[in-house]
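One chain comes next, on its own, written as structure tokens: the form predicted on its own.
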Amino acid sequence: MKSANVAPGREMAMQDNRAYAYYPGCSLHATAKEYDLSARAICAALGVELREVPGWNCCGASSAHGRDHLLSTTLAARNLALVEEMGLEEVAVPCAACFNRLAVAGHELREDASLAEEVRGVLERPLQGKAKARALLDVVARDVGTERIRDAVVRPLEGLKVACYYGCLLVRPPRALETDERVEDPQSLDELVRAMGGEPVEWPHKTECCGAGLSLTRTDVVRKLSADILKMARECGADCIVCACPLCMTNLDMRQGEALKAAGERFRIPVLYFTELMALAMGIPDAERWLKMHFVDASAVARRETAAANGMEAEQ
């Protein structure tokens, strides 16, 4: 497997390749295309094979889980059954909300035999309960590992101060998600930033909720929660925020203008997916083009890295 997006001369050794089923979810085929493109590009460059689940359906993260437990579990279970039919054991999920739904449903199906039987009856297809959902962030940070990522960096993020924002859905509930992240102080994203030469800032809002589930029904609440996160990132000296969720990106990037109403001050803080920041550091050719899809101009981060790589002062 060879990707046209791999920087010349930087393709990784492929002897450690590992294949994962890949569940993009609705957002990555629509409003978060840059997340999908950058995720596929960095994984190809790192020798991680992603096989998109054929015929996948919505996981129900936006509303189904709050209205009908059987429906929401069955929506997620069908995707896990499709992964089993692919002959794979793990599915890599970029979106934190989708990951949470697939992981929680998988855990409930393994723990509750009567629920699993009921879901099989609705699905009318085999479901063994063996497929496991993994956050793409976890796959990259733990399976690929920081040493391999460090070796792939051609444009180190020297001096770049990054607020690593995990949100709430990557880490809660920990028992169901079967994650070894510290719930109140997760570290995988921080470790990635360090491996790329950047500086993760210490800040208390790593796992604060941005109100993603209320984006359409309580925008007043979302504006307040998002403004609090943006304000804290700025006060802690961050040059940018990095996240791993399309819903978080929408609230923190698209709603910065609205946050002005809640906080009484203007924000212009670039927000990037962690895969986009990795693509910049790894010198993947399309990385700067993806940043143009954002509401808040994130190209300053790219210009800064280009100037640093060339030993120049970044333009303002």
Partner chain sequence: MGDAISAESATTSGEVRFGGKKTEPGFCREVERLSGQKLSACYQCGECTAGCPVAFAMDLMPNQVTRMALAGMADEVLQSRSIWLCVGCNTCVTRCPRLVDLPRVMDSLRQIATHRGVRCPEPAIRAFHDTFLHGVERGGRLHELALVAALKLKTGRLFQDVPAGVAMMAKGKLAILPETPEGKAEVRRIFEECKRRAGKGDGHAG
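Remember, it's a predicted structure, so these values are computed and weren't measured experimentally. Numbering follows the first chain given and starts at 1.
FYI, the form predicted together with its partner chain isn't displayed, but the following is about it.
*Asks:* Quick check on this chain: which one of Val154, Cys236, Val122, Met86 has a heavy atom within 4.5 Å of its partner chain in the predicted bound form?
*Replies:* The residue from Val154, Cys236, Val122, Met86 that makes the contact is Val122.
*Asks:* Using a 4.5 Å heavy atom cut-off, which residue among Cys164, Ala195, Val144, Leu225 comes into contact with its partner chain in the predicted bound form?
*Replies:* By the 4.5 Å heavy-atom cutoff, the listed residue in contact is Leu225.
*Asks:* Given that the partner is absent here, state which listed stretch (264-272, 278-286, 38-46, 249-257) has heavy atoms within 4.5 Å of its partner chain in the predicted bound form.
*Replies:* Single hit among the candidates: 249-257.
*Asks:* Using heavy atoms and a 4.5 Å limit, would one call Lys292 a contact residue for its partner chain in the predicted bound form?
*Replies:* Residue-level check for Lys292: yes, a contact with its partner chain.
*Asks:* Would you classify Cys95 as touching its partner chain in the predicted bound form, given a 4.5 Å non-hydrogen atom cut-off?
*Replies:* Because no heavy atom of Cys95 falls inside 4.5 Å of its partner chain in the predicted bound form, the answer is no.
*Asks:* I'd like to check something about Lys231: if you look in the predicted bound form, is any of its heavy atoms closer than or equal to 4.5 Å to a heavy atom of its partner chain?
*Replies:* Answer no; every heavy atom of Lys231 is more than 4.5 Å from its partner chain in the predicted bound form.
*Asks:* Do Thr74 and its partner chain share at least one heavy atom pair within 4.5 Å in the predicted bound form?
*Replies:* Although its partner chain is absent here, Thr74 would touch it in the predicted bound form, with heavy atoms inside 4.5 Å.
*Asks:* Can you name the residues of 193-213 that have a heavy atom within 4.5 Å of its partner chain in the predicted bound form?
*Replies:* Heavy-atom contacts within 4.5 Å come from Cys209, Gly211, Gly213.
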